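Have a look below at one chain only, the form predicted on its own, in structure tokens format.
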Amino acid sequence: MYRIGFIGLGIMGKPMARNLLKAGYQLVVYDRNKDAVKELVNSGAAEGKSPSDVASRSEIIFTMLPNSPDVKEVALGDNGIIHGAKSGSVFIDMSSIAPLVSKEISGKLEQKGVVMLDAPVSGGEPKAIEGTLAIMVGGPEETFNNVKEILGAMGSSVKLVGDIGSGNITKLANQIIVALNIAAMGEAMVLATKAGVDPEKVYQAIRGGLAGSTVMDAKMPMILNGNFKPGFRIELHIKDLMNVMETARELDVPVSLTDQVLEMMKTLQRSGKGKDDHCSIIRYYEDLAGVEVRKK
């Protein structure tokens, strides 16, 4: 049984780490939030003193952190993973970050004999709790095959998509599609509501057809109940779409629809809704149209 380190016990990381414990893996955990660490320790994990300490006590090290600078600091900083990891260790970053940063970190760890996989996830807090996340992995196939079973303790879909950085490219594609789906759903349902048609009946009528989607089934019931408690916060989706824009500029790829939805999200963030679930995009349209899409 591998010794596993897990760094980053936030809204996603904590339930993911808990699922590794439930699967029987030995875990060393670290987070600046000591209450989160205490919860995991009470469930059977050991406490790490720093990312370097976690790495020195683990064969496989996971991170689940907010953004590129956080991962870079934890991996390569003064008390980073690079200073504790032994040659032959595997570093798996499950954060959603810029693909070029994944490649940069991988290159520096490789000099110490540490192999990196980038393995961002989709599904939000509910699927993190259930252990049914979609996990998109970039890196060497042999390493992926060695850790696939471990990843399976956190996700129901675990797919290798290419070399290092490919996982985060796939996640960016995912985040574009999710954002545009929510925006399209919001636009359509506000139109229906403004026209006097019951939005719940519209949803039930179209969900089985071509317009139906996993996004619609996950988010429309929340909207109808006025529930904007985050599974995935607007501010985090903004971060992902900013990474989309940066990557698109580097590759000279047009992403005009993404740019429009990003501006909607920024407007909502400025109005104090940044910590709401990303289905709150509908409130951009509701505010302009003067209606609310809710259960009657």
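Counting begins at 1, following the sequence as shown. Small disclaimer: the values here were computed from a predicted structure and weren't measured.
Heads up, the form predicted together with another copy of the chain isn't pictured, but that's what we're talking about next.
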Of Gln260, Asn33, Ser271, Asn42, which residue is found within 4.5 angstroms of another copy of the chain in the predicted complex when only non-hydrogen atoms are counted?
Gln260
Have a look at 180-188, 90-98, 107-115, 71-79 and name the one stretch with heavy atoms inside 4.5 Å of another copy of the chain in the predicted complex.
180-188
Is it the case that Val161, even though its partner is missing from this view, gets within 4.5 Å of another copy of the chain in the predicted complex, heavy atoms only?
yes
Proximity of Gly209 to another copy of the chain in the predicted complex, heavy atoms at 4.5 Å:
yes
Please tell me whether any heavy atom belonging to Val215 falls inside 4.5 Å of a heavy atom of another copy of the chain, as the geometry stands in the predicted complex.
yes
According to a 4.5 angstroms non-hydrogen atom cut-off, is Ile150 in contact with another copy of the chain in the predicted complex?
no
Are there residues in 21-60 with a heavy atom within 4.5 Å of another copy of the chain in the predicted complex, and which are they, in order?
none
